[in-house]
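There is one chain below, alone, in structure tokens, taken in the form predicted on its own.
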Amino acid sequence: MVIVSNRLPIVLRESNGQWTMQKGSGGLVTALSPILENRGGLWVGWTGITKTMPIGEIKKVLDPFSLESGFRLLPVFLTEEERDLFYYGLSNEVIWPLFHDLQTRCRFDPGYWDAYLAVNRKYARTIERHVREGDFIWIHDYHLIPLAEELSRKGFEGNLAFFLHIPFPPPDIFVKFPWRKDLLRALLHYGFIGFQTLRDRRNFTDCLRVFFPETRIEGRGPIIRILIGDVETRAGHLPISVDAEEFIRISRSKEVTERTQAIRNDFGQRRLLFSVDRLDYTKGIPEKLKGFRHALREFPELKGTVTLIQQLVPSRETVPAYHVLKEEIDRLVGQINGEFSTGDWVPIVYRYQPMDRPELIAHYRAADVGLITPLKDGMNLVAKEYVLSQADNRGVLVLSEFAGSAMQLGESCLLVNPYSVKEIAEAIVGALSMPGEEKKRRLRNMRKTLRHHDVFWWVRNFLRASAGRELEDFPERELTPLSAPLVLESKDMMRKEEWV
């Protein structure tokens, strides 16, 4: 199995000339690491740095992770210009906001598209040199949509599948993308395209019908066939998830049980709301804070009795839009705490730092309410993690109706419009006043769904739908060695060696 994503599942840092590495975070890493740890394979992706490292240095940093995890990391290196135009540019200043219905945040720079294609060609070169006949290549997310087309141009005929982790926009939003038909054509080079929800798949086929009127769709179930002239592909909606049993196990461990009690002791008799969000304007963090402020203003009985723990995970700190967002969040927290704090009570405990898994699960378990209100999200695995961590059956999930996970959990959680401070405030009060038996019933229903539709269900069904294969068809194998350096032509036609 060959996984290809924009980033490797690690974070590299340099200090005093020495490189260190830690495991990455995020939904993709959370979902796929257990699979590759179990079956072995390759993970291809960018290192996250713009410095080309000699092979000896790469092996010294990456090999310990590969040996421990059971799968090989295969790095791709980007220059500063490629990073700026491909990653910060088209990927995160155009596709990311547009696909989240935030087109006013887009910057349609013509140079971005050329860089986007060029970097995808670099990924294609790496894949072509390291895969073997019979390998299953699973490409992930919006950064690498053109990758199948670039591989096909090189004569590659292997099995290629794609999964989009973010939402796919409706035609009236997608039409604003300057390279709209090119992007759709690129997607049609995959044998199978996976989406998070039925809504996303329907938006995709609606866009195809707008720009390719000859499009024919066959089937009405989870998997459909798409026919355009002599092009045929299939598409399905398969919600990603987490390792449900692992979260349940950790939440009941002695370490987490003791830490959960310590968290509750720190806040005495106060009820706890917990939110954990990556720093991103799609997560609706200012809107959530305003909703909490509205609750404190409209329901005086909450004052002094409830605390919101807002955990904010740093992300893209060098991007101006994220820096502005961070300043807005800081300001709102300060205003709310300034307005309502008393001598022994602060309404918002605000932390700007990562949190390891046991600590995170302890906070999930300690919280009376999980407050998860993105403006739009492909899935949002935090909602699922919160539900699975409720070992005491005491929590209530308040979830944005625009999160993909609302499609699975909506009947048993409290759905809100994240743009409505009134709905957020009323949901907080409703969650805090919900009878214990109702909480248990709702949590049981959601856990049943998530235990059945866990990350292994997602992978198994994706493999069946895209390749007609089972997870057991990928036996464990020894780690694949990194290949020798490839001699490339530099821009000024000087010969040089690069690891790609």
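Position 1 is the first residue in the sequence shown; the rest follow in order. Remember, predicted model here, so these are calculated numbers, not experimental data.
One more form of this protein, predicted in complex with a small molecule, exists but is not displayed; see below.
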- Message: Is Glu287 part of the interface with the small molecule in the model of the complex - any heavy atom within 4.5 Å?
- Response: no
- Query: Taking the shortest heavy atom distance, is Val382 within 4.5 Å of the small molecule in the model of the complex?
  - Reply: yes
- Considering only heavy atoms, tell me if Lys303 and the small molecule come within 4.5 Å of each other in the model of the complex. no
- With the cut-off set at 4.5 Å between non-hydrogen atoms, does Ile348 touch the small molecule in the model of the complex? no
- State the residue from Val276, Ile193, Ile173, Leu375 whose non-hydrogen atoms include one within 4.5 Å of the small molecule in the model of the complex. Val276
- Task: Find the only residue in Trp138, Phe71, Tyr364, Phe168 having a heavy atom within 4.5 Å of the small molecule in the model of the complex.
- Result: Tyr364
- Query: Looking at 355-363, 105-113, 390-398, 258-266, which lies within 4.5 angstroms of the small molecule in the model of the complex, counting heavy atoms?
  - Reply: 355-363
